[in-house]
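Take a look at this one chain, the form predicted alone, written out in structure tokens.
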């Protein structure tokens, strides 16, 4: 009786696999386990393989309609993606996706080579990591297809449009600044106080110290700091006040020295410049802070500028400057250090104010127009955010779709 039942189940399973709709089915059976009947899934339909759009080549996009057994019968555990270089060649598996997925991107398709694809709907069972049985139905062939590179990524069209608008605004305001038309830039107290701080040092007959941070020239905050240094040094040269710039990086020393020298030339006082006004101390973070603190205590400058990238040494430097009664103007993009500068300094440039300082102080048309154009771009983004919040809150229009990746 037991032998008869086993033969009947084997015969039934073979007949089911043979009558599957245009399917190429295979069965892997554990020698101690017999698969139940009617487990072969119906193959997928409408298989398509095409070049993956908006890329640099090397990938193929494969799509298909889910097997009806994936939607209704639950007979599909996953899909296997098979590939060959010829329609009659041997197909190899290049990937698989879980049931419920209807697309796959083959990222290993060499650019310019033709490939053929099939998708197999697979049903299998495992027990304790051991495969008990597996059946699959292969789809019809799709191909040939080959990957090519595209010139433009259309998913980033919104970024391109935004860039055009921003560049247009910058050009408009640069031309407006060159024509002499007034451009409003809000007051920045720390920058308005620069001339007062330099004048105070002149009246007291004491030094000005300019600290450009502890980072090298590859940091944008250092670049912003030494750009402001040029304007401060020019004021100091006009007022015949000694400005000293101790630095912690050799490249910063070379750049700062040239900037200060040029500032003295612009002020008509090239003879007043001394090479030792800009000098190197040490690369060590706290060794640099200790050296500057010692200079503060000994020479008691009237004015100190902290403009650049600072870390844990910020409070040490600012507290020492505060203790000797110096007027201090600080600025950094490091959010963690801003509270220390706010507490210990007279004026603090917060975040982007540091980068706007060169345009604010020099009033050079290109810098001023660029700053105003960027501000207008930010204003447009802010208005779009507010409009989007209102429209989507009342389910009127999804404005956010214009700020996402466009297919």
Partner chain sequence: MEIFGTWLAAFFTLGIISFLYRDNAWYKLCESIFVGISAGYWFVTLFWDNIHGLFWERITERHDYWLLIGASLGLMMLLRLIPPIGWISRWPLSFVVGATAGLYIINYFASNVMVQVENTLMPLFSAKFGDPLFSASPYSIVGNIVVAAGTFTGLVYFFFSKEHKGAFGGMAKIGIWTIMITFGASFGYTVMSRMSLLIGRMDFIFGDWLGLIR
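Residue numbers count along the first chain shown, from 1. In this text, rigid core is short for the largest set of C-alphas that superpose within 1.5 Å between two forms. Because the structure is a prediction, the values reported are computed rather than measured.
One more form of this protein exists, namely the form predicted together with its partner chain; it is left out here, but the text below deals with it.
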Please determine whether residue 298 contacts its partner chain in the predicted bound form, using a 4.5 Å cut-off between heavy atoms. yes
Check whether residue 63 has any heavy atom within 4.5 Å of a heavy atom of its partner chain in the predicted bound form, and answer yes or no. no
Taking heavy atoms only, is residue 131 within 4.5 angstroms of its partner chain in the predicted bound form? no
In the predicted bound form, residue 287 touching its partner chain (heavy atom, 4.5 Å): yes
Picking from 76-84, 163-171, 204-212, 235-243, which part of the chain touches its partner chain in the predicted bound form when contact means heavy atoms within 4.5 Å? 163-171
Pick from 197, 255, 145, 267: which residue has any heavy atom within 4.5 angstroms of its partner chain in the predicted bound form? 255
Each of 339, 356 and 398 having a non-hydrogen atom within 4.5 Å of its partner chain in the predicted bound form: is that the case here? yes
Pull the contact list for 212-231: residues with a heavy atom within 4.5 Å of its partner chain in the predicted bound form, in sequence order. 217, 218, 219, 220, 223
Indicate whether residue 287 shows a C-alpha shift of 2 Å or more between this form and the one not shown, with the rigid core used for the fit. no
Checking residue 160 here: with the core superposed, does its CA move 2 Å or more between this form and the one not shown? yes
Taking 2 Å as the cut-off, check whether the CA of residue 253 shifts that much or more between this form and the one not shown after a rigid core fit. no
